[in-house]
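Only one chain is given next, in structure tokens, and it is the form predicted on its own.
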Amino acid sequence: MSQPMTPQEIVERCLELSKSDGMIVLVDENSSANLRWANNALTTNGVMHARQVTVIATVGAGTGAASGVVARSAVTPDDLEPFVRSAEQAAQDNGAAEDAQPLLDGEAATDWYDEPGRTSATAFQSIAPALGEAFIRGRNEQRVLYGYVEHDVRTTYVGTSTGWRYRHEQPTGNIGITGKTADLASSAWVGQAVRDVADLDINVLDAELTRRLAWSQRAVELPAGHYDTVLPPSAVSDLMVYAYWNMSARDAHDGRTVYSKPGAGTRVGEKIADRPVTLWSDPAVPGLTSTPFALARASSAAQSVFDNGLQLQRTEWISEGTLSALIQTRHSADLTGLPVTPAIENLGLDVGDAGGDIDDLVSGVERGLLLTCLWYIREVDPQTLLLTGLTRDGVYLVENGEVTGAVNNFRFNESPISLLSRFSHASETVHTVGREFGDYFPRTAMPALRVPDFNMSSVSQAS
């Protein structure tokens, strides 16, 4: 029985088979392990390995080049030639690509021949005992825990017909724990994303759940309205990630987003926030490191397969309140006349005059709300980036600087861009993960924000 092909062998064989003018081959090797629990007991665990191969063929040259993309989750050596031919045929059928650019040159990385990174159930050996202790405390203290933790290692190999050979290994750990009172009437959530799950502190997460569930002993019904509201870093992350995902320079140039200038062009260079906020991405920032090169498995308004290999560096999307960059391909940069600033897989928000933590923000609220997280976030108006969504797993009443009870859930209507001008206080920026988008974009650093007039548009019966 023949041995399975290595990722490097797949890349080289596809390039050997190529009859097109250019070719890019990406092989993603994913290794993941997970634990799931409910009712204070482990329920399932699993280990999975997966491979996806993407072949991008280009036909023609310069602005007349066409591209064809074919991706499959499993290939054998006999599949490779028809696989490559399919990509080449797709390029022929598609005609000239709007985003066509010359493929980038490059060299082989020193770790090109290293094996893919792997994870296994042993990744949890340091936190599993702590989870067991939390389950015992939950049973003794009439608290029920549900949750999921995953460790994923994605290793990407890229080879091009122009000589570039690149390998990137991206480990990611992600945990979410929901705690409920014994009667299941109240709930709270905590979550965290890390590179190594050994860095998770279950005792700290469980203590925060315990504190929040204790706040729910007093239930208060409140109507819809504008409330002085403290948003934790997790909620700020979900809002800012949505704002980032809408930063396509091409869409802004075409007048379709909040970053579009009325009439024509983008708002780059315009003050869009009254507060000294800086929204940034940096593939080298400690704790949130991500691939330092652009990797695109398909073209869209925000990325181009022709840009595979573009080097990434710290980019400030908003600098001291001014929109300073948008997500650019080489093609959109030509259209807008702005620098090439591709998307980066992390995001941070800094506030110039921030300080303290979330408890410090709560201590300044005379009467308002403290949220746990946001959920089911959807876009209402792209021109203002008005979003709607629900609160979840704990909304708390704050009176005279102290949490005094749990409040019903709400539907909210807010724009993250508007919030950047309206918040009154910010905490220090910390690593966090969004409740809704954290599975797709886990590497974020955000402050908590206090917004004096957060719009809770209606009461929600969601629980």
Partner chain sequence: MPHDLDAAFLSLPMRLLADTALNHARSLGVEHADFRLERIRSQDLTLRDGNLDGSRDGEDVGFCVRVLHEGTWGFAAAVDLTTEEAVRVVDRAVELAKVARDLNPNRVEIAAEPVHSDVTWVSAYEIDPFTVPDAEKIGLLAERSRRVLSQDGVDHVTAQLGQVLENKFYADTAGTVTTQQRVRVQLFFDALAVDAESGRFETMRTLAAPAGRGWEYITGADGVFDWDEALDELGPLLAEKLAAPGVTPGRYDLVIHPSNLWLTIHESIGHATELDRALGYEANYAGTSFATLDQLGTLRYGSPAMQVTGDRTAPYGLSTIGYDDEGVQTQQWDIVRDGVLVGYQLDRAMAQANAEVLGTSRSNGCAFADSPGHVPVQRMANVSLQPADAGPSTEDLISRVEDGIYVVGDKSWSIDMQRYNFQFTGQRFYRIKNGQLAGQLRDVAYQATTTEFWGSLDAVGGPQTYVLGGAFNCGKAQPGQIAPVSHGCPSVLMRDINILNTGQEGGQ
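Quick caveat: nothing in here was measured; it's all calculated off a predicted structure. Numbering follows the first chain given and starts at 1. Take the two forms, superpose them, and find the largest set of C-alpha atoms that agree within 1.5 Å; that set is the rigid core.
Although it is not shown, the form predicted in complex with the partner chain is what the next lines describe.
Partner proximity in the predicted bound form, defined as non-hydrogen atoms within 4.5 angstroms of the partner chain, places exactly one of 40 to 48, 425 to 433, 399 to 407, 57 to 65 at the interface: 40 to 48. For T391, a non-hydrogen atom is located within 4.5 Å of the partner chain in the predicted bound form, even though that partner is not displayed. Residue contact check for N455: one or more of its heavy atoms lie within 4.5 Å of the partner chain in the predicted bound form. A residue is said to contact a partner when one of its heavy atoms sits within 4.5 Å of a partner heavy atom; T178 meets this definition for the partner chain in the predicted bound form.
Under a 4.5 angstroms non-hydrogen atom cutoff, the partner chain in the predicted bound form lacks I272 among its neighbouring residues.
Annotated contacts: Y148, R378 and N413 all touch the partner chain in the predicted bound form [non-hydrogen atom within 4.5 angstroms]. Only one of V204, L222, A284, A121 comes within 4.5 Å of the partner chain in the predicted bound form through a heavy atom, and that residue is A121. Interface residue among L386, L104, A354, A333, judged by heavy atoms within 4.5 Å of the partner chain in the predicted bound form: L386. In the predicted bound form, V69, V70, A71, R72, S73, A74 are the residues of 53 to 78 with at least one heavy atom within 4.5 Å of the partner chain, listed from first to last. Taking the rigid core as fixed, one finds a CA shift for S424 smaller than 2 Å between the shown form and the other one. Here F437 does not count as shifted, since its C-alpha moves by less than 2 Å between the shown form and the other one after the core is aligned. With the core superposed, K271 shows a C-alpha displacement below 2 Å between the shown form and the other one.
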